[in-house]
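Below you will find one chain, with nothing else, as structure tokens; this is the form predicted alone, and questions on how it binds or moves follow later.
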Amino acid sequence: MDVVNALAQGLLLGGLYALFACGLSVVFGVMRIVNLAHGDLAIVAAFCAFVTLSATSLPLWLVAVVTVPVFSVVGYLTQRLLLQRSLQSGPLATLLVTFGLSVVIQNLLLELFSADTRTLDAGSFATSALEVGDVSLSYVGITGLVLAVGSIVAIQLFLSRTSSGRIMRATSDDPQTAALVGADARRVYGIASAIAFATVAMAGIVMAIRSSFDPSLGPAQLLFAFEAVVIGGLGSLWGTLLGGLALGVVQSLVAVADPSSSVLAGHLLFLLVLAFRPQGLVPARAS
């Protein structure tokens, strides 16, 4: 029964990893860049929710509903005002810009909030769980998994059923040809960044309810998200979900035998996939 419970907890943890990773996957699939500040943006979202909760009497669900679209707008503006300039100079310049953004965010959060750990107060929701036999499924974990699946379904529908989504796919495949038929790459990249910022804001809030957070936690979340994307397959959203679930399950199963080795086990899975299946479990063309 310990193994069954570990498997269930691993799926819930993997759902959170997938929620972190889906925005990273969208940005890489469309813009062919890795946003090194991705994890730090989740921490910013967590602190924004924390400050709003502390300063108002709003319920947490309403704070989340407000934070996510605000982050979407911030993502669009960040792309148009900051990242677009670096894209014109090549992928290395974008990596340097996002790395610098990560450093600025971490130090700014340290100045504003110190290095103390915090958590979002979700009341009984944070500790309640769905009992299925001897297996306990936390509502927070279920929420993270549902949000991950829902986000990926919504993004896939957007890409396949809307004109903006089809233009985004065309720009991802061949930006020069797409520009010939009127596609505005800057607008497309802005929309992709808006989607990525919205999903990472959701992930940051769920993580902040699930466990404590501090200004230095961003790079660790970026690493888990990047591993989920690579394990699943670069540019594949369903692969990202599968990669996140695989990462969470492996960590949880190993934790049954040796809790101190759970994170290492996830890193080893990442290396094994790179060594024996570098295209990932679900290549982009299969998604």
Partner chain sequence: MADALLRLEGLSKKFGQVVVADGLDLEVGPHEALGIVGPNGAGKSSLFAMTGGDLAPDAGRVVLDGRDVTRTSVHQRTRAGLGRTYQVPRPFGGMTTFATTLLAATEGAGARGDEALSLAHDALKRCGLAHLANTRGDALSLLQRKRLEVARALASRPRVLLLDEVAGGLTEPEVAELVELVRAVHADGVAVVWIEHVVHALLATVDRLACLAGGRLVADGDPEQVLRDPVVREIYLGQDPSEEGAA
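What you see is a predicted model; the values in this text were computed from it and never measured. Positions refer to the first chain, counted from 1.
The protein also exists as the form predicted together with the partner chain; that form is not presented, and the subsequent description refers to it.
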Full three-residue contact with the partner chain in the predicted complex, heavy atom 4.5 Å, for R166, Q176 and L180
yes
Would A170 count as a contact of the partner chain in the predicted complex, using a 4.5 angstroms cut-off between non-hydrogen atoms?
yes
Please check if D134 has a heavy atom lying within 4.5 Å of any heavy atom of the partner chain in the predicted complex.
no
Non-hydrogen atom contact D184 with the partner chain in the predicted complex at 4.5 angstroms:
yes
Name the stretch, out of 100-108, 210-218, 135-143, 184-192, where some heavy atom lies within 4.5 Å of the partner chain in the predicted complex.
184-192
